[in-house]
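As structure tokens, one chain now follows by itself in the form predicted on its own.
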């Protein structure tokens, strides 16, 4: 097995061009588990830990440019304001040791439907983009909705690496909920991300571990955004009503296509998603209503 350790981004792209089957590693929280259990035995390992820019973030034009290797612990400590949904999801990732090592780039590269970051990224809006690059084709941005193409498959080419993720700064409350057999060190039975986007009058959702890929509940988003606009609730912050919350949960449930496996049945996942959708909507709308009242 080859071990490649570039010091710069350009060196990393050159190494990936020469060894397109090389497996990138930064935190190693997923990769090393698979290698230890002999699930994955790559011909080469591409260590990205010396590339400092992958562990940096900045905000430009109300967009967070999040380096692929920024650890979850730093997302929690440094970005809970601009990225509240992702910070909440980061709290549920493994143990403190794993949160100190793992980052969003690893979740995206692995593209597991159970990855904790995916629902929050989808809920953050349709203007979330994954920045990837190759030596041959340069840099391109992949919309988050186009990134996931199958079970543990993404839309990257073999010679591409993830550089950063572009995520709009939150303009409204966001939430994340996850069901598992315990609170930590567990793969999600199912997960749900939710966000309000009052600036453009939309809502965002993200379903995890309940379909072949992470996905939105599109009909639920359209239904709720329509109700909020028609009833003037964006402006008033008034109560949604039980029927709206219930209907939203049912539409989220209908958007899933889960399977039965060792972690839970398909029916349990659907039921859990409906419950999580209702709860996250209630929590988020309560926060939004308080903001409206405070501004009045």
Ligand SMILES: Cc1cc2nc3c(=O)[nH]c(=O)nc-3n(C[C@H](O)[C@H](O)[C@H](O)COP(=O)(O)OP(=O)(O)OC[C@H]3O[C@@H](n4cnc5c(N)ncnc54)[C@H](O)[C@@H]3O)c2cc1C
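Please read all numbers here as calculations on a predicted model, not as lab measurements. Positions refer to the first chain, counted from 1.
Same protein, other form: the form predicted in complex with the named molecule, not shown, and the subject of what follows.
Proximity to the named molecule in the model of the complex, defined as a heavy atom within 4.5 Å, singles out one entry of 48, 255, 228, 64, which is 48. Scanning 251, 240, 31, 44 against the named molecule in the model of the complex with a 4.5 Å heavy atom cut-off leaves one residue, 31. Using a 4.5 Å cutoff between non-hydrogen atoms, residue 178 counts as a contact of the named molecule in the model of the complex. At a distance threshold of 4.5 angstroms between non-hydrogen atoms, residue 23 is in contact with the named molecule in the model of the complex. In the model of the complex, the named molecule sits beyond 4.5 Å of every heavy atom of residue 141. With a 4.5 Å cutoff on heavy atoms, residue 106 counts as touching the named molecule in the model of the complex.
Only one segment in the set 197 to 205, 213 to 221, 91 to 99, 73 to 81 has residues whose heavy atoms sit within 4.5 Å of the named molecule in the model of the complex; it is 91 to 99.
For the stretch 106 to 142, the set of residues having any non-hydrogen atom within 4.5 angstroms of the named molecule in the model of the complex comprises 106, 107, 109, 110, 114, 115, 116, in sequence order.
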